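Heads up, the chain shows up twice below as C-alpha cells, two forms, tagged structure 1 and structure 2.
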Structure 1
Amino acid sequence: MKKITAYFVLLILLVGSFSVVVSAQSNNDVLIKNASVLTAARGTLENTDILIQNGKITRIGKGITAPAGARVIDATGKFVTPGIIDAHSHSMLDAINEGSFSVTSMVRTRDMLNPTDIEIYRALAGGVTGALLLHGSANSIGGQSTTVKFKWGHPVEDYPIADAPPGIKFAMGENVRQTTFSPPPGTPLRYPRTRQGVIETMRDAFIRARDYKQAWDDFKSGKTKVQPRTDLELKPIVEILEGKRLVHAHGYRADEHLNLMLLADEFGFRVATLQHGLETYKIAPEIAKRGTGASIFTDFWGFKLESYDAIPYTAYILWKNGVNVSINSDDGGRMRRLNLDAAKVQKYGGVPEQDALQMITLNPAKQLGIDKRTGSIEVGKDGDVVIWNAHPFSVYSRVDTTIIEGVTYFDRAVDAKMRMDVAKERETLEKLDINKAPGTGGGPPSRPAERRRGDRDDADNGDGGNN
C-alpha cells in the first residue's frame, strides 16, 4: 500500500509540474532593463527599459528606476518584442469540426477549450502569447471562434480575451466538398460537392439570416405581434450582417476568395481575413480595396492539389498593395517558429524589418480586433512581451522569457530545472514499477504515444477536413 501511495503522489507531482505558472512572482510589476526593444510601432530602441505595472506597459525609456516589489530583468545584449499572435490555430481544442452539416454556425470552439494542452506551453516557449482558435474547415460556414491569451496554468475562464470581437470560420475548397473523404458504405454524400455549391450554401444562409433579422425587427417595432423563435444557427450570421462578428475564411484559390468577397459585397459585410490564401497574390488589389486582411503561410504549399499555385513572394505582394498581412501557423509545431516565418518575408521581397515583425504581432492583432491592447510595445498596452537571446529573425535565436500582462509564463532557466525534476521523478517511478511481475525483472513504463500527426485544418488525412 505504501508503494502504491508513493506512486500516485509522484504521479501527481509529475502532472503538476506542467500545470502551474512557471513564475513565482507575487505581482505583475516587471522592469526589463537595457534591451534592444523592437516595438513593432516606432522602430527599434537601443539600451531601453520597459516598465510593466498592473499588467500594463507604463513607461518606456532609459534609466527607469524599479518600483518597490517589482521584478527586475537584466536584458543587456538581448532583444524584446511584442508577444507573437497566431491568427489561425487549433491548439487547446479538444474537437475541431462539427462535420454533420455544411452550416454549423451554432457550435462554439469556446465549449471545447482544454487548458492542459501541452501545445500551449510549447507555444509560449516560441514567444506566442495569443491566438485565434478556429473551427475546422469541413463546413461552408463553420463554428464560432475564440480569441485567447495563453495563460498556461490558469483556469480555462482566464484564456478568452473578454473584449475581443467574436468571430466565425468560413471555408471553401476540397475539405468542404469532401472530395478526399470517403463516407462509410450506405452514407449519403453531403451537399455541396462543387465549388459553386459552396457559394450557394453561403448565399442561402445569408438570405435566411436576413429574413430572420427582418422578422425580429418587425416584432421589436410592433409591426408584428408574434415573437419569432430563436434560431441558434442564424443568430451568428445576423451578427455578421450587423458588423458584430468577424468572418475568417479558409481557402487557397484566388477565384474562391474573390467569390466570397463578392458575396460579402452583395450582403453588405466585410470579410476580416482570408486564411491561408496561397493565391491571394493574384487578387491583392481587390483585397486591399475592401479592407480585408490576409493571414497566410510564407513558404508552405504543395500538400494537396489546390495548394500548388503558390509563390514565396505572396506576403511581399500583398504588403506592397496595402493589404494587412499576418503569418499564421495552423499547426502546433509551426507555431513555435513564427519568428522565422516572418524573417522569410525579408528574404522574399525585402520587406522592412518592422513591417515583417508586424506580420506576427501588430497585424494579427488588428485582424482580430485586439490591437488597442496588444501587438506592439507602447505605453498603455498590455504587458505582453518576449525576451530573446538574439535577434528574433536569426535562426540561432531562442526565447528566454515570455510575459503576458506582466506575469511570466515561460522562463528558460525555470524550464531547465523543471526538466531535471521531472527526470528524477520518472526515475523514481520506474524504480517503483508496481505492475511488474515477480521474477521478470520488470522494466520502465512505456512512454505516452505522440500526439496525432499535425493539427492543421487543411491536412488531407482522409477525414474530410477534420484536421
Structure 2
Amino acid sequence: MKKITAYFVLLILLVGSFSVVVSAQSNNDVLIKNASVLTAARGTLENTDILIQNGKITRIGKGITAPAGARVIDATGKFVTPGIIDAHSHSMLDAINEGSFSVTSMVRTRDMLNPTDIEIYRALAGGVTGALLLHGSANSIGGQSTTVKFKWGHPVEDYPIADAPPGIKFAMGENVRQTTFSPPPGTPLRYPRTRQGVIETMRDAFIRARDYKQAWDDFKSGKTKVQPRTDLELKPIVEILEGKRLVHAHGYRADEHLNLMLLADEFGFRVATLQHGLETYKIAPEIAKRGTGASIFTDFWGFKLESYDAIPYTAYILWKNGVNVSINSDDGGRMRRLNLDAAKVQKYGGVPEQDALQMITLNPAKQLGIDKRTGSIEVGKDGDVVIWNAHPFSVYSRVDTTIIEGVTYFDRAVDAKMRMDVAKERETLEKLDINKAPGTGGGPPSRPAERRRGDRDDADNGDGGNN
C-alpha cells in the first residue's frame, strides 16, 4: 500500500507536466483528449476522446467534457491502444516448474506471484497491462495458471482477474520428454520420454480424473457412504472435463498439437490455446474447426530442433483460416516489444492493421476469457489503455502512459521524476551508519555475525531470521 500512496503523491506532484487538472485522485476518472484511437474493435478513430470513470470506459467520442475531478490527458498527436495482453508469461513467478512428476496439476502459479518483480514495471513500460502467468513446460500436465493485470505497487491479491476462467498448462515435446540432454548414467529416466508417451500420460490423467469424478458423484448421490478424498491433482482435471478450466498447451510440432486436440475430442473438451505452436500453420484448418486458439511468437525460431520449421507467416495463415491468434512473449524482454511483434505480422503476409493489433489485445483477451472486460477500447470495458508517442507499430514509438482501470501505472514523466527522487533517497540512505561499509566511518567495523555451519553466505542481507 505504501508504494501506491507514494505513486499518487508523485502523480500529484507532477500535475504540471501532464497539463492536467487534478482536483482529487480518489475516483480515478481520466479523460484522454484528442488522440488517434486504435480501438482494436471498431477501427481507428482520429481526434477522439476517451472517458474512463470508476475504472470503466464510459464514453468514446469527440469534444467530451471532463467531469469534475477527472484527470485530463492531452493526447494530441498521440496514439491510444488497448492495453496489451500477453497470453504467455512467467513474469512475477517465484517458481515456474514443479519438475518432479509429469502431472502436477495440483500446483498453482497463484501461490508464486511476487508483486515486487521489476519485470512487471518494465512490461507496463512496454504497454502490457495483463498477462497469463503459466507454469513451465517441464511436465505433460503442469500447474494451474493465473490471469493477472499488472497493478504494480498493489498488494498481490489485486493482481489476479477475479472473473477470469481458471487455466492450466499442458506441455509436449522436448522439454517434457527431457530428451534435450542426456542424463548421467545411473539416473532413472522419468516417464514419459516419447511424444506418444506424453499423450498417454495425459490420457491416463483424464481417465483418473473421470474415475475421481465418478467417485464423488456416487458419494453425492448417496450410492457410497464414505466421502472420497479431496485430490488436488485430479480436481483441476475434472474441471477441464467439465469445461470450466482452460487448457493452454505448450508444443511446437504440428502433429503433437493435433494429437492433443484429438485427445480433447475424445474427452469432450476444447483446448483453449496452443501455446508456441510454431508449426500450427501446418494444421490451420484442423485448429479452426475446433475453435481452438493459437498463441505464438511472430518470428522467433530455430532455437531448438522443434522450432526449426517455424515461420513468421504462421499468424497470417492461421488468421486466414479463421483461427484466433495471439502473439505472446514467454519472456520479460520480448514482452516489452509485443507492439513490434504485432507490426511484423502485418509485414509477413499482410494481415490488416486492426487484425494485427487484435493479436496482442482482443484476441488474447478472448483466449483467456476476459474479453468482456478488456482487450479493446469500447464503452463498458475496463479502462485499460496505453498512450503512445507515435504509431505503436513504429519502431520509433514509445509508451508514454499505461493505464489500468483508470489508474496510471506507468508514465514517462512520473518515471523521470521518480529517478530523481530515488537518487535523493539513495543519497540519504547511503549516509546512514547502518549502510556504511565497515571501516569507512560510522562506528567500529562490525564483525560478521556468527554463523552456524551450513548457513549459506547471506552477505549483506544478514540472516534475517529463520528463513
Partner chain sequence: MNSQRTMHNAKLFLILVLSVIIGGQFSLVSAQNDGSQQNQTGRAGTFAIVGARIVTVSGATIENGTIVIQNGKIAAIGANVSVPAGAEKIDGKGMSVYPGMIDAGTNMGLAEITLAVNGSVDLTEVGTMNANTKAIKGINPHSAHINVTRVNGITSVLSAPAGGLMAGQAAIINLNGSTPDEMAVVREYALVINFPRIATGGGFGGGGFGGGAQPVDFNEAVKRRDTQVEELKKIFKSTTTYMRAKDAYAKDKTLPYPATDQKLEAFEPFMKGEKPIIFTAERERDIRGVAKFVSEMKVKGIIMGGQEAWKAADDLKKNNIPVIYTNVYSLPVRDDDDYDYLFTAPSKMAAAGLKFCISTGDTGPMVRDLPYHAGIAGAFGLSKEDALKSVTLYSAEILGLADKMGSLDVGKVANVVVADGDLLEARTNIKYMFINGRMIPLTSRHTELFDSFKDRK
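For residue numbers, the reference is structure 1: its sequence is counted from 1. Keep in mind the model is a prediction, meaning the values are calculated, not measured. Think of the rigid core as the biggest set of C-alphas that the two forms share within 1.5 Å after superposition.
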Mark the structure, either 1 or 2, that is the form predicted alone. 1
Taking the rigid core as the superposition reference, indicate whether the CA of R59 shifts 2 angstroms or more between structure 1 and structure 2. no
After a rigid core superposition, would you say the CA of D421 moves by 2 angstroms or more between structure 1 and structure 2, or not? yes
